[in-house]
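Before any questions on binding or motion, here is one chain by itself as structure tokens, the form predicted on its own.
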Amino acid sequence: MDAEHLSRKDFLSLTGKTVALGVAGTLAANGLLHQNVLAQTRPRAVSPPAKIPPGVDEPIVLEAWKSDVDQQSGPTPTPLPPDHRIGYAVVGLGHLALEEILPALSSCEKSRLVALVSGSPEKLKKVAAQYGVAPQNCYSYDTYDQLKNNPEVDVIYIVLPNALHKDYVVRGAKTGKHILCEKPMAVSSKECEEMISACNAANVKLMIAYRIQYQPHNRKLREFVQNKTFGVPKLIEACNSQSSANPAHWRHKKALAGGGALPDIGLYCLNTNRFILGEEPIEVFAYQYSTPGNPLFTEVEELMSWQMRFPSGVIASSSTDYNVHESRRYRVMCEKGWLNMDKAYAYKGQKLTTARAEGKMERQEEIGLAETNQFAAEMDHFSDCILKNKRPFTPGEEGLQDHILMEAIYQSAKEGRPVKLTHKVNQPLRGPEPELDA
């Protein structure tokens, strides 16, 4: 603006702005100075001292902060770097794989998903995209044997109908990959023996997915029983039952399932009883029933109730039914108390309670333990066995023993008499105890 024509109003407007800018600049400078002073005096956030071991598979040990009146934390998670983890190919994309196994692999510390096998191209493509599996790592049942050429795959996890287990385990063993197979192991003890022989011949490890044996509440109950914390065990009552609704499902077709409630869910009672006692039964006595006219049970049994007698004198009474409201529990009665497990065989929600006499009162306690993902725990155990060349805790021989017992149970129910078990059980049946998080 020309100074000769600058009016009083314009002059005041300009000088006012200059003063305002000067004041603002002064305030900003003062504010910055104040922030710098605060930054120098404010306590800094620092990482507390921690023990950092050199190995990537060892937990970082943080400083203690909880008092001894509170439940202590477990070790910090120790996931291996992704390229160090054992690669899994999951075979079969049904309920169990999609609802439990694939999500569990995402939380594993020693295992990772690298390949998928399915008979449905559309499902295979969608699931592969969801979990980031490369197209070249997707296989059909016809191309299943080509897994042998995939260096990313270390383990084949068989999650198929029971009657298909043997074929895919035998074929899988020939690829040179280790095998994790869902329970029940097969549809007969003869098939189990063939599966074990095939894996031995191929020099690959075989593990059966008995997730309960890696679940912390069931393992703690086992510890109490075998240490006789509540005295000598005398009697077990166990039940695993649920309701079915689709007669067309493969579980209701004998050619695919091999049986009904017993091998599918009753097996949990059978296997867990053996697991917590640490001994093998010498006699079984059973009853079988199916509701007449119910289309669900034209080929497989609805209900099986049986007792097992053990060398120590313990009697285990178990039952399973495919047509009642869900119930999954067992109780161990001992000389000095009892141990009870609700939701014993469920995927989560286990509740362990105990009782014993103390003078004129009965003391009942709930044992609080942190839950773990049972599928992740069993897969990481198998991966650990491969990394350290150990025998799995639940090898093929564990699955074979259950099939021998189930065949005796079916025989007893058919003949209406007790059946003695005369076969020789090679001990130790299981591998070394799993290294699970404390």
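This is a predicted model, so every value here is computed, not measured. The numbering used is simple: start at 1 and walk along the sequence shown.
Beyond what is shown, the protein has a form predicted in complex with a small molecule; the following relates to that form.
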Is there any non-hydrogen atom of residue 74 lying within 4.5 Å of the small molecule in the predicted bound form? no
Would you check, heavy atoms only and a 4.5 Å threshold, whether residue 287 touches the small molecule in the predicted bound form? no
Is residue 205 one of the residues lying within 4.5 Å of the small molecule in the predicted bound form, judged by heavy atom distances? no
Under a 4.5 Å heavy atom criterion, is residue 125 part of the interface with the small molecule in the predicted bound form? no
Thinking of the small molecule in the predicted bound form, which stretch from 164-172, 332-340, 78-86, 274-282 has heavy atoms inside 4.5 Å of it? 164-172
If we test each of 252, 211, 222, 112 for a heavy atom within 4.5 Å of the small molecule in the predicted bound form, the one that passes is 211
Name the single residue among 311, 94, 247, 176 that comes within 4.5 Å of the small molecule in the predicted bound form, judging by heavy atoms. 94
